[in-house]
Ligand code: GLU
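Just one chain follows, in the form predicted on its own, and it is written as structure tokens.
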Amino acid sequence: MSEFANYRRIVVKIGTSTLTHDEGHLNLRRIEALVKTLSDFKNAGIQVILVSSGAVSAGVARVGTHRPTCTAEKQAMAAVGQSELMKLYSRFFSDYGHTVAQILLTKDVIDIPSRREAAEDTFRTLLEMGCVPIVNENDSISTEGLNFGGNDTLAAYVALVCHADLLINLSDIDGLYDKDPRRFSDAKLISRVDGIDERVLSMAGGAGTARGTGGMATKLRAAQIVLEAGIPMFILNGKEPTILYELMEGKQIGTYFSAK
């Protein structure tokens, strides 16, 4: 997409399955590659907001316990893992000359005008200061009525609150296919979507991986949210974060959801 040069503020979301190894531990090489690439974007004058999953997996790895089987265990592991994630991000971004800021959100920040306005002010000020806001859902205190239902949806609302020019969803799949590529060898990648209708929604398939909470359905819901606000979105495979350079160079990769 040659218009990438016009995007001055982008939200990048990366999911748990992309951030971690199959065993559930954090993939340090991939995280550092992502940070290096986003730092390069920053150096090129692009403001970056990162929505990062992975807190629960990081917590499980740190404590050395089993995968959470109830809400209380998940919230406890998120509390442990969030600090581990931020420690890594702070160190890696610092190596490339950038400062990070942690923002943890619950759904009421979006729903209550006064809280949403405060969030907008915080994001704007951090970006003006040259910081990289790193956002996650506040899983440790979030309840059913206050959660986003996954970081795909969270990232879409963050793009709205930040008045972003683009949302990039880094996943463990190359983009949207006409059918589930894990089940059908003849599945075809759809390079561009100009509107989300029932036909497109029917391509979503099943749920996400064991380590993640999302799937293509939640990504399409996120696309609906941002497209209605005039913000385009990409779904890309985040296995090699340097793929973002190809996007910047105007190559046709992943699935592009165009906004009217």
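All residue numbers refer to positions in the sequence shown, first residue = 1. The structure displayed is predicted, hence computed values, not measured ones.
The next section is about a form of this same protein that is not shown, the form predicted together with the named molecule.
Asks: 90 to 98, 121 to 129, 148 to 156, 171 to 179: which one contacts the named molecule in the predicted complex at 4.5 Å, heavy atom to heavy atom?
Replies: That would be stretch 148 to 156.
Asks: Even though the partner isn't displayed, in the predicted complex is Gln75 close enough to the named molecule, meaning a heavy atom within 4.5 Å?
Replies: So Gln75 does not count as contacting the named molecule.
Asks: So, Asn136 and the named molecule: in the predicted complex, are they within 4.5 Å at any heavy atom pair?
Replies: Asn136: yes, in contact with the named molecule in the predicted complex.
Asks: Determine whether any heavy atom of Thr16 comes within 4.5 Å of a heavy atom of the named molecule in the predicted complex, and answer yes or no.
Replies: Flag for Thr16 set to yes.
Asks: Is Ile231 part of the interface with the named molecule in the predicted complex - any heavy atom within 4.5 Å?
Replies: Taking the distances in the predicted complex, the answer for Ile231 is no, it never comes within 4.5 Å of the named molecule.
Asks: Ok, Ile235, Ala222, Leu50, Ala55: which has a heavy atom sitting within 4.5 Å of the named molecule in the predicted complex?
Replies: Contact check passes for Ala55.
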